[in-house]
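So this first bit is one chain, no partners, the form predicted alone, shown in structure tokens.
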Amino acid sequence: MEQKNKNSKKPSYSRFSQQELPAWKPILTPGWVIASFLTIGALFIPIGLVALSASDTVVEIIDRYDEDCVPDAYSKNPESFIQDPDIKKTCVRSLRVPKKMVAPIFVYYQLENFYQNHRRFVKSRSDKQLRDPEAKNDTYNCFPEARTADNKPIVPCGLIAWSLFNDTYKLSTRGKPITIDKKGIAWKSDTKVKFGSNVYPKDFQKGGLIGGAKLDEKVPLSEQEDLIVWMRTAALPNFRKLYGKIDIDLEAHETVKAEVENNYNTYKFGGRKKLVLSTTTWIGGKNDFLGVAYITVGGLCLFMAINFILLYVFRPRRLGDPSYLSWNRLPIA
């Protein structure tokens, strides 16, 4: 008997293991439910209206240029145009400012139908190589852009870096150039942690097939912010990435001339390219979804509260009345 008790697997008694701790078990009375719905509705609708108002104050200029920047002679075969290095790719666009844009004004490039979230594309990089100069040979996941023809490691390796966006923009207004500041466009966590200050590009874009922009081999990766922004891959096929910032105001109805170097090949996969100029508010860029979502949820809660009030007024019933139980309403014969 003693041996049996010694080998028993019965757990020791505790109020926690036996679920005997004191607990709050709320009873959802009609009053509590109605009050909860009214509170949520009263809070969410004003928040949604404020968010929508903030989004409406954002001024955006969006210009799709990938089609218009292809000469008419190549309109049926834009790939031959973009792949010919001897053809000039410069394209001039005119952007009209609808309302006054207060600095800082953010310049983005927008790509559509570009799946940066593809599994093979996302994995084609070496984070160790990006931050440590001693790990330059760590190119296991970077195929097919891992090594050169003479087996030298490519830094940075992988398809993400290889496909770096290489369209460029020059802006001017009233004959005066607008400076686009490209410093501080990447996350500090990336520039200080993920990309090494003593890691330099090497043998990058030296192969037979050039994927995108080239990198300055004298500048460390931690300072190449265009690359850092590009390598933070997007989750959706339509995305924007920060190109730079403008630190001057643009007046309403002013015309901005954009000189675009149309180099990036999105024609192969039916992609689209857009130049975006945008201001921001406390809620970020222009996005009506958050405001609409709050208003929708708040409106539904108010609707449910009103329905419960009408039901409680016109068809009241005593709380916990056992006569409403199914076996009491429909007794077995």
Partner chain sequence: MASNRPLPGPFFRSPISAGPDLSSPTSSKNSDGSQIVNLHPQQRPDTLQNSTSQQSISSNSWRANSVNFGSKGVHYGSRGGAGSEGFSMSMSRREINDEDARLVYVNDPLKTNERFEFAGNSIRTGKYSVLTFLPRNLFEQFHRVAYMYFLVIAILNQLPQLAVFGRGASILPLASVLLVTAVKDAYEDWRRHRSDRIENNRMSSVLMNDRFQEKKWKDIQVGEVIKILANETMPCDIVLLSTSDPTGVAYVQTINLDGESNLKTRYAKQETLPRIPEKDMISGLINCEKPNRNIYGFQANMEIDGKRVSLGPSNIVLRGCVLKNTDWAVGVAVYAGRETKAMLNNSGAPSKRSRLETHMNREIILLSSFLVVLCTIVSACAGVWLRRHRDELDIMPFYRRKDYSKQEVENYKYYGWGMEIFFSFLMSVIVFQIMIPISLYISMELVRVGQAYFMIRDDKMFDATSNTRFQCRALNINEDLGQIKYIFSDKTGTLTENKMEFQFASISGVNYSGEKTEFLGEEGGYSIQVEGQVWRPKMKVQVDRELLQLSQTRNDTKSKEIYDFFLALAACNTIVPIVVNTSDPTEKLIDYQGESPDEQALVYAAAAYGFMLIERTSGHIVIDIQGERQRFNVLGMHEFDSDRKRMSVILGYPDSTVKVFVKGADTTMFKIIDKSLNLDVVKATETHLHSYSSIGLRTLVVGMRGLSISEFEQWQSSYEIASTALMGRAGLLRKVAINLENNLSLLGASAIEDRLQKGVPEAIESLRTASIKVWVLTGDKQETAISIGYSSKLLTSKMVQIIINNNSKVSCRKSLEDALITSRKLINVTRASDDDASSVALIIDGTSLVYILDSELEEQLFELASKCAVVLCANDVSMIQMADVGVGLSGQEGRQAVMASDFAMGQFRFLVPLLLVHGHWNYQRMGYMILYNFYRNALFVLVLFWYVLFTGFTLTTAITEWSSVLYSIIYTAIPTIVIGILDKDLSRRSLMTYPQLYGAGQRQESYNAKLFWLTMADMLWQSVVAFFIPLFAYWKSEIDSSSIGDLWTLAVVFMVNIHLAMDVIRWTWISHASIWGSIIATCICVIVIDAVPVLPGYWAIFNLASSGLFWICLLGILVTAMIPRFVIKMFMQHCKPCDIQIAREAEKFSNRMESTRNGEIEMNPPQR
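Positions refer to the first chain, counted from 1. Only a predicted model underlies this, so the values are computations on that prediction, with no experimental measurement involved.
One more form of this protein exists, namely the form predicted together with its partner chain; it is left out here, but the text below deals with it.
Contact with its partner chain in the predicted bound form, defined as a heavy atom within 4.5 Å, holds for exactly one of Ile61, Val58, Cys69, Leu290, namely Leu290. Out of the listed residues Val33, Ile306, Leu49, Ala42, Val33 is the one that sits within 4.5 Å of its partner chain in the predicted bound form by at least one heavy atom. Between 168 to 176, 87 to 95, 248 to 256, 120 to 128, the stretch whose residues reach within 4.5 angstroms of its partner chain in the predicted bound form through a non-hydrogen atom is 120 to 128. Under a 4.5 angstroms non-hydrogen atom cutoff, its partner chain in the predicted bound form lacks Pro104 among its neighbouring residues. Although the partner is absent from this view, Ser80 stays clear of its partner chain in the predicted bound form, with no non-hydrogen atom inside 4.5 angstroms. In the predicted bound form, its partner chain lies within 4.5 Å of some heavy atom of Pro144.
By the criterion of a heavy atom within 4.5 Å, Asn263 is excluded from the residues contacting its partner chain in the predicted bound form. Shown without its partner, the chain has Tyr13, Phe16, Ser17, Gln18, Gln19, Glu20, Leu21, Pro22, Ala23, Trp24, Lys25, Pro26, Ile27, Leu28, Thr29, Val33, Ser36, Phe37 in segment 13 to 39 as residues with a non-hydrogen atom within 4.5 angstroms of its partner chain in the predicted bound form.
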